[in-house]
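This document opens with one chain alone, in structure tokens, the form predicted alone.
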Amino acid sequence: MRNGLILLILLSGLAACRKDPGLQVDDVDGPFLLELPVGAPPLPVPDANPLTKASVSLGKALFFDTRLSRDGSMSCASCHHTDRAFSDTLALSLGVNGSPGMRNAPTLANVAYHPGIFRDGGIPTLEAQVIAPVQDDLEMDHSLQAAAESLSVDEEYQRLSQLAYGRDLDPFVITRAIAAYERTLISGWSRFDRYLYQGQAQALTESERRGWDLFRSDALNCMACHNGFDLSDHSYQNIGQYLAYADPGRARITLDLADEGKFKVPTLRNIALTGPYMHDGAMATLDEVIDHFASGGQAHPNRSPLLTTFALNEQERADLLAFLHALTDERSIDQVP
């Protein structure tokens, strides 16, 4: 990644990726009526970037627009697939040159609730995060200003930009519109949610209920980190994946060796859709993930003390996997027409 990129992001104060031919917004803007699932906390939305029909519609169109990349070959959606809960299918996401990037692109589901963006938490806001993928030479390899200039010829973009932000399309608008759209990607529509938050006991099978009991048992200790509405406490943990990490993880941001190998605890929502797993996509299946945690991980000096070894028989493993599959949303998390 280019030198000084993090500093650029923090100083810029900007926000932030197939254009939708069905884009329709009236000439008068208004609030975007986002539907939150039962059990979801209030959505944190900054006063400076409210969700409006124009802002989220523009943000969605930009998210799918390949003109954000230098050669017009990729958009934000190239690494965040709608049918995979806005995650990638590759171990390491590919950039415009077809070369692998630094990490696996995680799901964007419930990203509005995250206190830090990216797997190392190096970006503080959604409004700032778009600068990195657009300008990273391993990703879109473009200039945000140059992208804005090429996109500004689009009359519909200009109309929506004026409606939402009272100004022509520019980097300020691009980053804020995409951030607005990403905030609407709310996960919480699974059978597990119907079971837990709506009291529908039959929403889960017996096997899935046994898996839920295992998941929250002291023996597995999964809920030490995977808790709350997002099934993640959004902390940074070293899970002993390696004895020596090629990617320093959180230490890349803090410059503290005690943070080496620590990455943000991922949400387990839609986990059956978001493989391959881990920051580097090194684990292809949920079975591999379970095996890793059952082993307790490797003895890295920063390995989390929350990790514990455990053993599962064949039925228990099947039950745990069944529960994890029950975390898949039953409807699209994209609410923008």
Partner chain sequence: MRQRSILHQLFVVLVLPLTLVTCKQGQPVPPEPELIGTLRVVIRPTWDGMPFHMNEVYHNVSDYRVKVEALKFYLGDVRFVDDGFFAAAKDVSYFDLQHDGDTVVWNNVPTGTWTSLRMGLGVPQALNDADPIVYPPGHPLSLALGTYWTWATAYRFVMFDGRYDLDGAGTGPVQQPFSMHTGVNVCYREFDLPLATPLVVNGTSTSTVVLELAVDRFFHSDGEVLDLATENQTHGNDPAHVVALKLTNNVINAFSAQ
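Residue numbers count along the first chain shown, from 1. Treat the numbers as computed from the prediction; the structure is a model and nothing was measured.
Note that the form predicted in complex with its partner chain isn't included here; everything after this is about it.
In the model of the complex, the one of Gly122, Gly95, Gly240, Pro266 near its partner chain [non-hydrogen atom within 4.5 angstroms]:
Selected option: Gly122.
Contacting member of Gly188, Gly211, Gly101, Pro171, with respect to its partner chain in the model of the complex [4.5 Å, heavy atom]:
If I apply the 4.5 Å criterion carefully, the residue I get is Pro171.
Just one stretch in 215-223, 73-81, 139-147, 180-188 has heavy atoms within 4.5 Å of its partner chain in the model of the complex, so which one is it?
Of the stretches listed, the one contacting the partner is 139-147.
For its partner chain, considered in the model of the complex: do all three of Ile131, Gln135 and Arg176 come within 4.5 Å of it, counting heavy atoms only?
Each of the three qualifies.
So in the model of the complex, is its partner chain close enough to Ala91 to count as touching (4.5 Å, heavy atoms)?
No, Ala91 is distant from the partner.
4.5 angstroms heavy atom contact with its partner chain in the model of the complex for Ala203
No, no contact at 4.5 Å.
Would you check, heavy atoms only and a 4.5 Å threshold, whether Ile253 touches its partner chain in the model of the complex?
Yes, Ile253 is a contact residue.
Would you check, heavy atoms only and a 4.5 Å threshold, whether Ala244 touches its partner chain in the model of the complex?
Residue-level check for Ala244: no, no contact with its partner chain.
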